[in-house]
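Next up: just one chain, as structure tokens, the form predicted on its own.
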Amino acid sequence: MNLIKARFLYFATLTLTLLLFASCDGDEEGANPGNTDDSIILGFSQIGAESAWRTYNSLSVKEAAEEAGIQLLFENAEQKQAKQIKAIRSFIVYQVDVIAFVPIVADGWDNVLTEAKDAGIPVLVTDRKINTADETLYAGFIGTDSIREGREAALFLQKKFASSERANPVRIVEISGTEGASCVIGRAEGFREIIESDGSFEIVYSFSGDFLKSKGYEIMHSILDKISDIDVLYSHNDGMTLGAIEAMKERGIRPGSDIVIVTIDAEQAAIDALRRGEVNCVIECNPRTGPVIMDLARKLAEGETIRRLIHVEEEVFTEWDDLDAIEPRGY
């Protein structure tokens, strides 16, 4: 047992002993001593709270930890990689049993993960993937399949414009997420894999909106100033999409009609926009990863080997579906 855990257990035991003595004259049924001897400590570094999706993802982790009886050390990096690295190093010093983190970008993790490996602490990467020359630095990945998400967006557009008789290609503008994030790279790659092999489409503009609604709004205004003929908006998350829709409406443009909109995440607000006809396709990015993370953390803490790659289940919702049948999202 490491020194810090030993101290934690000593003070926990001392406090419990005092509580038990203090309650000797009370109702014995009210005593709930508990047992932390076997509890797992998980250090979790989240990238921020930039959207309803991210907030729900954090809630999923916290609720799952409580339900699983896992002690959670939760740190919010506020969109700063340096702050994430600092948090991971603090987890190493604390000598947690397992570290899990959502990497804000794909590169730049080798040094701190080497420190975790040297300390004998297994690392779980979640939501976004990392690039590393040494894959033994982390035990596995649990999250969404961003390349598939991009492909689904392109496949919807192929179906949407299949019967369109046009002299010119369908003109697409793209608002992507944080530069360097694996999900952004994957959503762009999967989308282009199909779109660029189809002469019916052309990406005329692409710019990063950092997954922020405010930037989606600003970028869409900028796009409309520069480009007059737009057929499609492909947006990497619902927050940016909702900001872009506000900008369109201010310009007298009917979102979903004048400009076809494809968005990723499936927040409740995006599903509501789909029902109103302001969005044409919503691709789910499932934030409910907490229970699986806890299951994997327990296995890693017990010395088990886990699968290297685990993708969560996701759905695609389109204007052609029975929209009343979509369950409330919760975020």
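So that there is no doubt, residue numbering starts at 1 and follows the sequence shown. Please read all numbers here as calculations on a predicted model, not as lab measurements.
If you look for the form predicted in complex with ligand GZL, you will not find it shown, but the lines that follow are about it.
The closest heavy atom approach of Phe101 to ligand GZL in the predicted bound form falls outside 4.5 Å. In the predicted bound form, no heavy atom of Leu296 sits within 4.5 Å of ligand GZL.
For Trp53, a non-hydrogen atom is located within 4.5 Å of ligand GZL in the predicted bound form, even though that partner is not displayed.
Contact check for Thr241: every heavy atom lies farther than 4.5 Å from ligand GZL in the predicted bound form. Just one listed stretch, out of 105 to 113, 193 to 201, 91 to 99, 233 to 241, contacts ligand GZL in the predicted bound form at the 4.5 Å heavy atom level, and that stretch is 233 to 241. With the partner omitted from this view, the residue of Ile245, Leu157, Ile219, Cys183 that lies near ligand GZL in the predicted bound form is Cys183 [heavy atom within 4.5 Å]. Checking Cys285, Leu42, Val262, Val61 against ligand GZL in the predicted bound form, a heavy atom within 4.5 Å turns up for just one residue: Cys285. For the stretch 117 to 133, the set of residues having any non-hydrogen atom within 4.5 angstroms of ligand GZL in the predicted bound form comprises Asp127, Arg128, in sequence order.
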